[in-house]
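Below you will find one chain, with nothing else, as structure tokens; this is the form predicted alone, and questions on how it binds or moves follow later.
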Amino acid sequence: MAKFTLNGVEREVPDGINLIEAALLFGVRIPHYCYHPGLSPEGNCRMCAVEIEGIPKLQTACTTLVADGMVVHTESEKVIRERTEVMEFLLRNHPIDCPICDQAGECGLQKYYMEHGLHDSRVAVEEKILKRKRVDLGPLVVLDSERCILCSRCVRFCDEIAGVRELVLANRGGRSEITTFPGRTLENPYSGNVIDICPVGALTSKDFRFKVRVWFLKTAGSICPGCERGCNIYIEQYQNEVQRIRPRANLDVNRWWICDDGRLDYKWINRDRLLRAEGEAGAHSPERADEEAARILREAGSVLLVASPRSSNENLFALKRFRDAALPRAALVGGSFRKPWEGDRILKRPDRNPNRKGMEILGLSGDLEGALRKAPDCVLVVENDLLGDRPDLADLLRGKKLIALASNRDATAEKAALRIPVCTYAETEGSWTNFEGRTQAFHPVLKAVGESRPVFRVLEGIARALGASLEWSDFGALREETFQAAPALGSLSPSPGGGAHAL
């Protein structure tokens, strides 16, 4: 541990941390642009300059480690004057386009200008150096060079995290700018992270550009469903439609990053939703749908219940309890035919199912294709697009009564004799257990669309129609019973709340 004095108060911090991190431990925020905890420090923006007694010149807090006996001032007259001058320098050529900038509302320049600038510009608009606008850097990112303050976070991210040299600082003096290497584009699988870590509006997302002002967004912490890593994310919605996904910092899972596939894995939540229960005779109310499902299951000679490694632990447990309470002779097996994608050394895992581990712990994994080939009369599929993942199974399922509990009009739901709408993970509570055995909770950010219900509520209704007793007072009761029945799920991991944006 190191003892130092911060703004007149003696403090003790762990060895080896810089002054920005040390001050933050005690609620003292030192302004900065180029520093990011996930990247190597550069000290090029000079915003984090602090006064250290015994050293004649101001020092950058991001590159200075705390040392025993150090006396640091972050709010002295000398420091405040330095910040004001740095702000004036950074804004010298900055365009006055906040009203049309996607970063407005979460911009570091706006924030620090209000805190440390508040000066009148000494440069006329016509004297500003003009640079390239709307530069297409790659599939996901657009650059506005005039807004860039050359903090180089994006360049360091590509070099140090993505492991590719795609961005570089080119030219000199006032003409310096970020650009791609000749003949290359910004297209690494993690390119979207440069948008999150850009402290100004220089790098913006093609996907989110001009969609909605950020202050209208409602945000909730969640878990990425893209693969079995379970990266922590924020889902942001406007008028009950998901507008974008951003990484949520969790040093034990995904640090500050997510892959581009995870970032864009939300559009299915907004489109092709199943809004009402539908059967061969037309639309059904929720109660009528439960009764119809019960009738089909009751009349079937043999029944197969299909679980999914995309379902939450709670929904998987509810399905297991449903089988035991209402259909004790039915077979129950979980699995997925979803094709794996290419994993990498950073975050992406080959298995695209977020809860394979949880399904294994709950004892539901099995030979799904073998179970289907045993020719059951009726197949009840829960959150599992069998035919979308394996179209060749259509022959195998032909002639069987298919009941689908699905959120979208996927291939399986379209072929089902009865399809009942259920909530997506963004509309309900639940938990997934990632490949390392870490169980993480997700929370609703959207209202359920149409007549969608949580899976466990649908199973309760069908069980009731079958004359079985299956009911939970609320989701908390279901979760408690789930974790008691499967102690190997462990306890829910803490849910950190840091974002990649944070200055």
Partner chain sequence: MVNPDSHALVSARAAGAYRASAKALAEEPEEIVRLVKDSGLRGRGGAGFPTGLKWTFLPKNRDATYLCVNADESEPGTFKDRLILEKDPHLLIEGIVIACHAIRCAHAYLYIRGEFCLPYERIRAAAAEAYAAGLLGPNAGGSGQPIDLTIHRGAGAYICGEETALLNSIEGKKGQPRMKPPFPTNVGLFGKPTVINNVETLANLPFIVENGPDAYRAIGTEKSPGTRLMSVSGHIEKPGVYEVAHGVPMRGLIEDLAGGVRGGRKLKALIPGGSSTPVLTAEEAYAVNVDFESVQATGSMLGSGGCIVMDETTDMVWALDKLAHFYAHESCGQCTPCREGSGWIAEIVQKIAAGNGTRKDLEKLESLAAQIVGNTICVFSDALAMPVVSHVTKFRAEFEAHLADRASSSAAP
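Every value quoted in this text rests on a predicted model; they were computed, and no experiment measured them. Residue numbers count along the first chain shown, from 1.
The same protein also exists as the form predicted in complex with its partner chain; that form is not shown, yet it is the one meant from here on.
Contact check for Arg46, Glu85 and Gly173: all three have a heavy atom within 4.5 Å of its partner chain in the predicted bound form. None of 275 to 283, 407 to 415, 174 to 182, 345 to 353 except one has non-hydrogen atoms within 4.5 angstroms of its partner chain in the predicted bound form; the exception is 174 to 182. Shown alone here, Arg29 lies farther than 4.5 Å from its partner chain in the predicted bound form, counting heavy atoms only.
When its partner chain is considered in the predicted bound form, Glu451 lies well away from it, no heavy atom lying within 4.5 Å.
Using a 4.5 angstroms threshold between heavy atoms, Leu130 stays clear of its partner chain in the predicted bound form.
Its partner chain in the predicted bound form is not approached by Trp215, whose heavy atoms all lie more than 4.5 angstroms from it. A single residue from the set Ala294, Ala326, Leu372, Ile149 has any heavy atom within 4.5 angstroms of its partner chain in the predicted bound form; that residue is Ile149.
Exactly one listed residue, out of Leu251, Met114, Val123, Ile80, brings a non-hydrogen atom to within 4.5 Å of its partner chain in the predicted bound form: Val123. Counting a residue when any of its non-hydrogen atoms is within 4.5 Å of its partner chain in the predicted bound form, the hits in 91 to 116 run Arg92, Asn93.
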